[in-house]
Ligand code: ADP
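Listed next as structure tokens is one chain, alone, in the form predicted on its own.
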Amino acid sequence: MTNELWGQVRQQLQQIVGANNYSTWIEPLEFSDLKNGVATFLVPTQFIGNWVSRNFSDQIKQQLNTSGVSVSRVEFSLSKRAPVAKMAAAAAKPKTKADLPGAPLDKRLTFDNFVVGKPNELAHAAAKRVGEGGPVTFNPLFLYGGVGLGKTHLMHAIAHDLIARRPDLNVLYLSAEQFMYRFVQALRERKMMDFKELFRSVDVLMVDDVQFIAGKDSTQEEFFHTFNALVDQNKQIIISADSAPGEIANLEERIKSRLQSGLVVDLHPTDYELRLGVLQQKVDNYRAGNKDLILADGVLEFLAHRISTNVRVLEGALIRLFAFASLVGREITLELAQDCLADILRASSRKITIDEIQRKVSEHYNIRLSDMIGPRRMRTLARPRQIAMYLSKQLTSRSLPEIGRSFGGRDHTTVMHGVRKIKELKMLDSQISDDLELLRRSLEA
């Protein structure tokens, strides 16, 4: 077989595998020789050779045979022109966990410090199972929920356990923004093969806040291929986001489908018992190093009842109380807590309802409430309706179907579309962004 013939076969393969796969995997191949039905190709890295062998060798063999070359097997050898220094360094020092561009882990975020209750029981159990490092029946594990419900805590806890139990594994934890930054950096520095080799060499990939890659087409493309490559090798993937896969706006359908193929777990808003448990644990930890802390009866119960937005707000309130009591040398009483946390308690003092949101939005845009929830679709009504849907999703704990029912029995997909539309417009239209901020402040006042 001649190089000219291989050039023709390559062009045929480009039509079959697509331009992206062709430039990444087929174009770097260099025909070496053909003996006894075995076609040998030179590759710049062993990683490319292994990948092409697993994913494209059948297509290569078929096209060669179609072109009149009798081939029974395709093999790949490392090119002698590969940089010697780079090869020697790779042989001397294999890639380790320390080489992986991950985010630092918070040593405080462990399973021992995670308070378990009904709202997070399933998520905790699934995370513990993955953290054991043994085989699991679900891949990926997808954790989702609002701010301050424990997604990142569980991600860090899994990583801590895996590193401790299975030091042989390459565990990579990073945010979706970091993944995107590394990808853009690799493109800019023309080091895409290094990027691909690095991210496909991990044993466990953990990506936090995956919603941030939505709408970034090239990043989504690379994430999809990385995801598939790791799953095909039976490597574990753990993902977190603020919404279920199907509700993340501008995320490609094929990625949504992949993310939904494993175990998807919702971390629900905290209940009273869980909030009280979190506060009690924080007090115990603080007292271990501050024996002088005096906490009156009923303070923790009061906080757990009044501050129900999320755990971060709750913890922040307690830290403020600790700091104030330490500085002035006073007992933390119920009266002190009410005075010291007046702003937090005011913000958390009541629940915003969908009815209230609909009334505020109707007044702001000078439309009738009956038109807000009615069937008419004219733009002057549709946009305020979508804004009210968006605020209902942001400021209440109601589900999409519940919000839809409050807007004249609309389907949850209509609500999802409305929320997605306002998210997009908020970034492009300063007037809508200002209206949303004004309405939010008015509702939370």
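The structure displayed is predicted, hence computed values, not measured ones. Residue numbers here begin at 1 and follow the sequence given.
Beyond what is shown, the protein has a form predicted in complex with ligand ADP; the following relates to that form.
Taking a 4.5 Å heavy atom cutoff to ligand ADP in the predicted bound form, the contact residue among P269, G215, G246, G148 is G148.
This chain is displayed alone, yet in the predicted bound form one of M372, I163, L109, M193 has a heavy atom within 4.5 Å of ligand ADP; that residue is L109.
Here the marked residues K282, R312 and E315 all reach ligand ADP in the predicted bound form, each with a heavy atom within 4.5 angstroms. Heavy atoms within 4.5 Å of ligand ADP in the predicted bound form are found in one stretch of 364 to 372, 112 to 120, 180 to 188, 231 to 239, which is 112 to 120. Interface membership of V278, defined by any non-hydrogen atom within 4.5 Å of ligand ADP in the predicted bound form, is confirmed.
Proximity of N139 to ligand ADP in the predicted bound form falls outside the 4.5 Å heavy atom cutoff. Using a 4.5 angstroms limit between non-hydrogen atoms, S261 is distant from ligand ADP in the predicted bound form.
For the chain shown alone, T152 is a contact residue for ligand ADP in the predicted bound form, at least one non-hydrogen atom being within 4.5 angstroms. Along 186 to 208, not one residue places a heavy atom within 4.5 Å of ligand ADP in the predicted bound form.
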